[in-house]
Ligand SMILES: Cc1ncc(C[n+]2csc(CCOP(=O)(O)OP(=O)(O)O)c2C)c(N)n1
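Consider the single chain below, provided in structure tokens and representing the form predicted alone.
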């Protein structure tokens, strides 16, 4: 007889899920190892990052799912509304529903008891699982998400997991252990935390930097940060292989990473300093997951350019060194068009190119495509490629 955990992963498999983005909950501790063995798992350090990665993976033809704690839903609501609902991108989310069943942590209570009402107010379809008899709705929710091209949330009560004894998951010789200091726990990477770079005055605006990169971008898969950068890319090099972001600040590199995992074409992300600092967790995901076909071009003007050039924290730190600290090995700094083109030609990847530029925006028309048009022509490009 299958345990609830084994039945859950069977439902994932029956519905052709091939990427599971995860953040742990102690109620899921027996389910997560099964996921790791049977699916491509992307461990997350922040839920919004997972929304972006799953969106990119779907655009490239994958069937992703998120497996998280219900508290994390509070972190990703804006990403769902401005990315998944805007572009009509499916995302089944299976959430360990805390605060509602024999909860010993007081901080879980308020959000847990109000969560479903919040999701209902946002028109997010929800399902509840309390017992083994309820488990088939997991498959139903996955199917509904991909049929409607919208997020669907399954709230799984901890009541479900108490059906199986703890030793049901222990096998003879099983090396999976639940605490630090045992076999399997190791620090596999020690990033280089030194960087010698001469501080120079920037010579290009963002528009000029994108213009310099156009010969390289043409024909490649490009994800562009929201706001004026999209307008500038559209004016300089509109092509079906451009994914223009209309919202979801901080997720450009996450989306690009998800695409690169399921498409062999080179993926170039035109990101910004404000965006990267809003979701620096993506640098961790890039270090752990990115392939050789992935490049981030960090256009750093030290300001929030689309909202009036308010200063960002990038004026007080070095984004290239930050990327190195997260474990990205192949980095470069660019101040001129020649620097940028040279860095783009580096053969190794994933790459992080820190382009130091001047503040300033070019007055241009809006990108004339609706979100679903951007999605459709972009997906068509990926299928052809």
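Keep in mind that what you see is a predicted model, and the values were worked out from it rather than measured. Positions refer to the first chain, counted from 1.
What follows is about the form predicted in complex with this ligand, which we do not show.
J.: Any idea which of 68-76, 285-293, 147-155, 221-229 reaches within 4.5 Å of this ligand in the predicted complex, heavy atoms considered?
T.: Within 4.5 Å of the partner lies stretch 221-229.
J.: Report whether the minimum heavy atom distance between residue 281 and this ligand in the predicted complex is within 4.5 Å.
T.: Judged by the heavy-atom cut-off of 4.5 Å, residue 281 is well away from this ligand in the predicted complex.
J.: How about residue 260 - does it come within 4.5 Å of this ligand in the predicted complex, if we only consider non-hydrogen atoms?
T.: Answer no; every heavy atom of residue 260 is more than 4.5 Å from this ligand in the predicted complex.
J.: Flag residue 90 as yes or no: does it have a non-hydrogen atom within 4.5 angstroms of any non-hydrogen atom of this ligand in the predicted complex?
T.: No, residue 90 sits far enough from this ligand in the predicted complex that none of its heavy atoms falls within 4.5 Å.
J.: Is there a heavy atom of residue 81 lying 4.5 Å or less from a heavy atom of this ligand in the predicted complex?
T.: No, residue 81 stays farther than 4.5 Å from this ligand in the predicted complex.
J.: Name the single residue among 306, 125, 86, 116 that comes within 4.5 Å of this ligand in the predicted complex, judging by heavy atoms.
T.: None of the other options qualify; the answer is 306.
J.: Just one of 212, 160, 249, 142 has a heavy atom within 4.5 Å of this ligand in the predicted complex. Which one?
T.: So the residue touching this ligand in the predicted complex, by this definition, is 249.
J.: Considering only 132-146, what residues come within 4.5 Å of this ligand in the predicted complex, judged by heavy atoms?
T.: The stretch does not touch the partner at all.
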